[in-house]
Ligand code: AMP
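In the block that follows, a single chain appears as structure tokens, in the form predicted alone.
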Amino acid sequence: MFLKQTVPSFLIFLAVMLWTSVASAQWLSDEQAIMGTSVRVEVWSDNKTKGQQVITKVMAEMRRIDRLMSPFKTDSELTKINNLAGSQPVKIGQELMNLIDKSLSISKKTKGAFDITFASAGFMYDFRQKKHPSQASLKKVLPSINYRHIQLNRKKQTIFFKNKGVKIDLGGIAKGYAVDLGIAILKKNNIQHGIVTAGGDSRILGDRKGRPWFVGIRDPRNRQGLVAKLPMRDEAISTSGDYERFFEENGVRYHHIISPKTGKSVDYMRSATVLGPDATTTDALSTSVFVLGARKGLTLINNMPGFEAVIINKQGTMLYSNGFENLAPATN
């Protein structure tokens, strides 16, 4: 005769609760058009309602940054600056002050390769209408492209342009900044695994539940192709390329990455990808490396601990920084 073994009811209850918790945990995601690009948020959450609420908060933050920093919105703070700062000091909020200050620091570090005053010529391009400025028009606005024209008064919290023709655009840093704010929201709400992406800028939180995230670097001349896949966790990645906003005319590719020296689209690169601890910096550095070109761009990154870069030059050759000596190409 066998004795019947029984399991205490509280253990059964605990096992059911644990199983329910594991079973309800899932990946949740959303994708929306914000800041002139595609914004995607994906999180792992054991509470579907909470997870979706967190994603909604991130999307709302992205829209707030767009309202604040868009050069295309007539009521944005950035538009106010562009309209008035050439004639008088303009009072601005601390958040925008800090990001412009960060932009100027990167301008100094890159010796002007990153320069938000590129917009002084950039606004003359219309990629949807396939319009670009003439050489004569560029000659007139080139003196306005110089980050040193931007004068910040931190005590009075004002900005002033020392050249009346100056316009600024934070497109080379604002999306990365918004991505970082999105990750901060995930952390604040106890999300441990997730990714926030805005166009070519992404930042990863944690890993993909025991596995790394694999982020692909796109083939600049094949929309469906990848040139490399990078395993990542707790890291940011940004890519600047000549293939997102562009048109071609008489064999010339006009795109949105403008050289501060010439006011023209950079013609010696196809893409520049930078990895690092935060998306604000990788966003600005990917633009900087693209403008600097392969040799100077890699020299810059190789002298910045914690950052790496993958470059595709005009000929389609892939080059990479010292930390990627054994970088393997994508197989699909």
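Heads up: residue numbers just count along the shown sequence, starting at 1. For clarity, every value in this text was computed on a predicted model and none was experimentally measured.
Below, we refer to the form predicted together with this ligand, which is not included among the displayed structures.
> If we take heavy atoms and a 4.5 Å cut-off, which stretch out of 285-293, 299-307, 57-65, 36-44 is in contact with this ligand in the model of the complex?
Replying inline: Every other range fails; the passing one is 285-293.
>> Taking any heavy atom pair closer than or equal to 4.5 Å as contact, tell me whether residue 183 reaches this ligand in the model of the complex.
In response: Residue-level check for residue 183: no, no contact with this ligand.
>> in the model of the complex, is there a heavy atom of this ligand that lies within 4.5 Å of any heavy atom of residue 206, even though the partner is absent here?
In response: Result no; residue 206 lies far from this ligand in the model of the complex.
> residue 260 near this ligand in the model of the complex, any heavy atom under 4.5 Å?
Replying inline: The answer is yes: residue 260 has a heavy atom within 4.5 Å of this ligand.
>> Contact with this ligand in the model of the complex for residue 113, defined as at least one heavy atom pair within 4.5 Å: yes or no?
In response: So residue 113 counts as contacting this ligand.
>> Only one of 235, 77, 219, 169 gets a heavy atom within 4.5 Å of this ligand in the model of the complex. Which one?
In response: Exactly one listed residue reaches within 4.5 Å, namely 169.
> Only one of 245, 187, 229, 91 has a non-hydrogen atom within 4.5 angstroms of this ligand in the model of the complex; which is it?
Replying inline: None of the others qualify; the residue that does is 245.
> Is every one of 118, 240 and 256 within 4.5 Å of this ligand in the model of the complex, counting heavy atoms?
Replying inline: Every residue of the spot touches this ligand in the model of the complex.
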